[in-house]
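Next comes just one chain, in structure tokens: the form predicted on its own.
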Amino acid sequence: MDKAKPKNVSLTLWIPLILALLVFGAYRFLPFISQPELGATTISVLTESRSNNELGVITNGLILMPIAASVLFLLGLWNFANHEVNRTTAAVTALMGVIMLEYYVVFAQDYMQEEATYLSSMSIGFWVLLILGILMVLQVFLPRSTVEQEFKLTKMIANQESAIIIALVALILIVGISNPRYLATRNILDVLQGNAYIAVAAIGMSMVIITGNIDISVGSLIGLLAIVSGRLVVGGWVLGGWEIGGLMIGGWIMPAAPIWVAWIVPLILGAAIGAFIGFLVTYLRVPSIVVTLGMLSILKGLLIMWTSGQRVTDMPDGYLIAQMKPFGISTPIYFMIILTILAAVWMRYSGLGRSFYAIGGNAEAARLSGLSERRIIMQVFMINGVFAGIASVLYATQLSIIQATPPPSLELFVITAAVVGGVSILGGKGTVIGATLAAILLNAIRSGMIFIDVSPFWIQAVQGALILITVLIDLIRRKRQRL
């Protein structure tokens, strides 16, 4: 029997798209403040560096508004693809409205503290965006139908991705009101960019953990591949030969490779190392945690011996892809968003992506269904290596130098992003979207600590607490499902 289609659902499906276009249009075409120099300190902080990017969009410190519009647009498209998320989309749309309204709370707070008189200088865009923010919150109360069951707030909070979004919005509200500079464009973009390469690596890690395995060598792998990429584009290092008394005897001096080669080789090498790890796990039946623990030491040892502690410098400007800013937004943010969307769609609709869940959920049942566990595990470690290669290029090009050693506890950050994002450590459950959101949340927490004068060293304690809480919630959820 066909599922009954919800009645009058078509009108509510258009709400996110219409609000998104109105918000972006008001931000793009309507002036927000006529004379910001007449305002109080908050106005000058949030409207500094007014400039136009390649699209002619004014970037004036109110970066969360176009971000909210972009999220609304994606939610609108998601609504049309899956009607069952209509009510969830309404709730997330309201959260985006709350973020927009935070600016006005900060403005009002500053207005009362400074006894300013700048409200008369506000242009129409100020008031239009205020009204749109209110509408984004109020639309959640409109009657909506769902295909299967009624929407419940508790069910939404139980969803890990939704819980992370709520936590992220709460963090922005609390820290943003305490210190308005947290809402400035530069800081928001830094939060998104800072952990972008970690989010990319967490995509591959999520796939590995979903199959019931783990890779704790990813930090050393990213560090090694970053050095390989940097040295390829710089050239001048000696291949072969012997060092006697501080002099190099024989050998071939490697010329500088084309930039595109330096970008592609880490992906290929990452896939090869992933295939080797997958071979040991599948054909020799060595647990993945043991294999990758050994690989962690091997890769770190190779990195230290090869570099002798020397950094890679003098890289050409065209190689520094992470420093490029199309339309005023750093390239790593594009990589993070695009790869997350592509990976989420692929995991949901492709046969191989669904087989990852099957292997992680019940390997024996998957084998009886005709799935090759060895082939799938080999492939997931190769894919993980490719994502580690992409992350290594983003890491290598974010600065003008590449350190001889990767950032400390990098593998912990990657695994934390995957686990906190809702990927079950026992396998079989999770999404890459949650991993990306968790990576953003972790960097937002670190940044927020600085703005409210809390030592950033607490971030490791926060990471550990988040992992424990997430794992406990997952165990409780699995226990309830068995009952």
Partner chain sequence: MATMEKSKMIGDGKSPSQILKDIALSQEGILFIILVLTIMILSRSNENFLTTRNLFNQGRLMAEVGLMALPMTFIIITGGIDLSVGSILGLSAILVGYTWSNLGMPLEVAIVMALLGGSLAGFINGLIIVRINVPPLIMTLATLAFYRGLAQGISEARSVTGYPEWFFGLGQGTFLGFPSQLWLLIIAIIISITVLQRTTLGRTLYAIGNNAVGARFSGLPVDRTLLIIYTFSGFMAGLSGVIFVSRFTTTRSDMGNGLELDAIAAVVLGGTSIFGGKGSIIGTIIGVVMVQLLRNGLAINGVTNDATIVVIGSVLIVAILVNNQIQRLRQSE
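Residue numbers count along the first chain shown, from 1. These numbers were taken from a predicted model, which means no experiment stands behind them.
Keep in mind the form predicted in complex with its partner chain is missing from the figure; the text below concerns it.
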Checklist entry - Thinking of Ile99, Gly328 and Thr331 as one candidate spot, does its partner chain come within 4.5 Å of a heavy atom in every one of them in the model of the complex? => result no
Checklist entry - In terms of non-hydrogen atoms within 4.5 angstroms, which of the given stretches 377-385, 295-303, 359-367, 346-354 touches its partner chain in the model of the complex? => result 295-303
Next on the checklist: Is Pro258 part of the interface with its partner chain in the model of the complex - any heavy atom within 4.5 Å?
Outcome noted: no
Item to check | Leu280 within 4.5 Å of its partner chain in the model of the complex, heavy atoms | outcome: yes
Checklist entry - With a 4.5 Å heavy atom cut-off, would you call Ile289 a contact of its partner chain in the model of the complex? => result yes
Item to check | its partner chain contact at Leu475 in the model of the complex, heavy atom, 4.5 Å | outcome: yes
Checklist outcome for this item: Checked Leu168, Val228, Ile214, Leu267 for heavy atoms within 4.5 Å of its partner chain in the model of the complex; positive is Ile214
Item to check | Comparison of CA distance in the model of the complex with shown form for Leu466, Ile214, at least 3 Å | outcome: farther
Checklist entry - So the C-alpha spacing of Leu466 and Ile445 changes by 3 Å or more in the model of the complex; is that change toward closer or farther than shown? => result closer
